[in-house]
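The chain that follows stands alone, in the form predicted on its own, written as structure tokens.
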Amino acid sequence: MQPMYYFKQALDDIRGAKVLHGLAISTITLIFLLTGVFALVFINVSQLMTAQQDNVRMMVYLKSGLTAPELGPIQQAIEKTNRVKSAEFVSKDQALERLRQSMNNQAGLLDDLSDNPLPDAFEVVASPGEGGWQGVKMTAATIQKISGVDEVNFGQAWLEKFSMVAELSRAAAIAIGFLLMVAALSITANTIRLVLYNRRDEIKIMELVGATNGFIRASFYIQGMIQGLLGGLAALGLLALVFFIIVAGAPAQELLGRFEFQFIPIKYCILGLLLSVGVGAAGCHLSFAQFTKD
């Protein structure tokens, strides 16, 4: 019977201060919505990094003057290199034709060339696996040592910058998420503290007649947990709405090939809701600590 009494008392307090609790829940919703946005960015950046690592393309440029019989051993050596999945020969004429096609209307600029300046090359597909980008570098360094290879290019500068941005975004998401949780905790604590001060005379009377701390505090803890839960549910609903209506159908998806944006996994959604409830309970605990001091 007592749990129902606590829950009813908590709902009565919320109804009695609708504006106050409404503002608190709205603010918590905004905070958890921002946290969800950072979580989405973190998840999709990590997924994109993984997708990019699955099939890394390298261009292995060959030294000039190599004969056809010399190309076979080079290709075999490349294919035997650790992490290499395939190696396809691209002649200098094929490379020039690809360049011409990629230039579209500006392809006429290539007509004035007296000689083909492009080298023969092998287009290599590698899978770094658990080695990550460090494994890609090791594979490139091994191929570079093969006789007849002039240069290995796999967008090193771009990949290093992308990795750095991914690490910075991960660190920023964690730091900002922590600050947002602290803000949500403070808002919940302040809201419950105001309710406590409004009912301080009633609380004093309950203490005088022998009511236990658990009996007095239970409904307030439930209020904080309800605030957190409603804020978390509203934030999750808004985030899902924005994601599935706007992000999932964005043209940017076509620019990323087969990569598909991922929503927050269900286990992390549940964890987020539990966290929001926990923040509500912790905020109530802080408000009681301050109320007791006063």
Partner chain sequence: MDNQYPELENKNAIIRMFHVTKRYGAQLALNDVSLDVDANEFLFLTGPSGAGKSTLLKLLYLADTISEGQILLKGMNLSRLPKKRLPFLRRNIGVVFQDYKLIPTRTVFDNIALVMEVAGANAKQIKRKVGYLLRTVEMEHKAGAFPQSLSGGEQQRVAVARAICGDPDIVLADEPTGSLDAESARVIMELLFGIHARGATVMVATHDEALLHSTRRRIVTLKQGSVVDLGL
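This structure is a prediction, so every number in the text was calculated from the model and none was measured. Positions refer to the first chain, counted from 1.
The following text describes the form predicted together with the partner chain, which does not appear among the structures shown.
*Asks:* Is there a heavy atom of residue 91 lying 4.5 Å or less from a heavy atom of the partner chain in the predicted complex?
*Replies:* No - in the predicted complex, heavy atoms of residue 91 and the partner chain never come within 4.5 Å of each other.
*Asks:* So in the predicted complex, does residue 290 come within 4.5 Å of the partner chain, heavy atom to heavy atom?
*Replies:* No - in the predicted complex, heavy atoms of residue 290 and the partner chain never come within 4.5 Å of each other.
*Asks:* Hey, in the predicted complex, does residue 212 get a heavy atom within 4.5 angstroms of the partner chain?
*Replies:* Residue 212: yes, in contact with the partner chain in the predicted complex.
*Asks:* So, residue 205 and the partner chain: in the predicted complex, are they within 4.5 Å at any heavy atom pair?
*Replies:* Residue 205 belongs to the contact set for the partner chain.
*Asks:* Quick check for you: of 188 to 196, 212 to 220, 115 to 123, 93 to 101, which stretch puts a non-hydrogen atom within 4.5 Å of the partner chain in the predicted complex?
*Replies:* Only one stretch qualifies here: 212 to 220.
*Asks:* Within 4.5 Å of the partner chain in the predicted complex: all of 2, 5 and 9, by heavy atom?
*Replies:* Each of the three qualifies.
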